[in-house]
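Okay, so here's just one chain, in structure tokens, the form predicted alone.
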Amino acid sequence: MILTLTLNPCIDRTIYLDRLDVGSYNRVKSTREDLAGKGLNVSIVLNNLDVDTLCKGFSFKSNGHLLEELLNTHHVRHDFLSLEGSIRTNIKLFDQSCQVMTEINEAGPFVPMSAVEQLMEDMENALEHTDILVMSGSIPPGVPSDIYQRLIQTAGKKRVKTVLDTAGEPLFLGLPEKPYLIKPNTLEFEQAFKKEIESGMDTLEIARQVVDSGIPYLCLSMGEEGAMLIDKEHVYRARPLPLEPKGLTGAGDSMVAGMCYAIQKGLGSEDMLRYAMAAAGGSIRQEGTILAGKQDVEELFPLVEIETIQ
């Protein structure tokens, strides 16, 4: 089973504009609302690929029924700890003239420490039946920054592979625990390794050091420039598929799902990256936060081109 953790679910309100003029009047072309969360997105794509998956994390009583309805619609198993408050709303401004998404994200409601400890206990029990644990997304107020670090330690004792897809201090604290895979985007990578970049090291040098330190895989998602996957022996580069983007939300989570699918199947690094790109492409060509289905991935997988960087 692949267990995903969503600590800070959200409602994505995507606003489509012909063109975003900052500081000026903008007319909305269309809007849509979708309940989302990085771990939820990963589990939905995995379920679409017929992989056994379970969603855990925090939900909130005021509108948590929306989360349950979403996962029930997709037939995804879930077990959330319900707290007082409301699921946060994130605004996504999609400029169709240049295919660029601007995101405005709320922090989320406060989570008491008693709920954090209850979640940790629940997670430890769930890890007994888990092959891969995916920890992704931001941490709401009240949750300590080392929660992913603690979970990687717990999972390691149970021989569970861990995937870490977050940013800032939670990523920085998690790295010394040697997760099996990390997937920063370009901005997250630059923020995490600012000192190394300022010292004159380039991206590949830094990525190689990370992998050599004991993290088996580093996938760097680079938006319009595709993605790279670095393992102990190789650096693979995938160019983006020639698709018309209709919604960028969830593409990175779909990449994670594609790689988890390949890992569970025991496939090699090249196929990990191919499945990552196929799943991301399948989501990008959907509107709003609609995510890749099995047919999307099967159709796009053979179209992904991989090159080896010496």
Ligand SMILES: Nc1ncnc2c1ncn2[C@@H]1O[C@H](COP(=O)(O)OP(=O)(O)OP(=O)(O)O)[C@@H](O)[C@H]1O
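Residue indices: 1-based, along the sequence shown. Keep in mind the model is a prediction, meaning the values are calculated, not measured. If you superpose the two forms and keep the largest set of C-alpha atoms that fall within 1.5 Å, you have the rigid core.
A second form of this protein, the form predicted in complex with the named molecule, is not displayed here; the remarks below concern that form.
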Just one stretch in 28-36, 62-70, 252-260, 47-55 has heavy atoms within 4.5 Å of the named molecule in the predicted bound form, so which one is it? 252-260
Could you tell me which one of Met222, Ala115, Met201, Ala167 places a heavy atom within 4.5 Å of the named molecule in the predicted bound form? Met222
Interface membership of Met272, the named molecule in the predicted bound form, 4.5 Å heavy atom rule: no
Contact with the named molecule in the predicted bound form for Ala280, defined as at least one heavy atom pair within 4.5 Å: yes or no? yes
At 4.5 Å between heavy atoms, is Ile139 in contact with the named molecule in the predicted bound form? no
Does at least one non-hydrogen atom of Gly226 fall within 4.5 angstroms of the named molecule in the predicted bound form? yes
Is it the case that Pro176, Leu181 and Pro216 all touch the named molecule in the predicted bound form, with a non-hydrogen atom of each within 4.5 angstroms? no
Verify the C-alpha shift of Lys92 between the shown form and the other one: is it 2 Å or more after superposing the core? yes
After the core is overlaid between the shown form and the other one, has the C-alpha of Asp296 moved by 2 angstroms or more? no
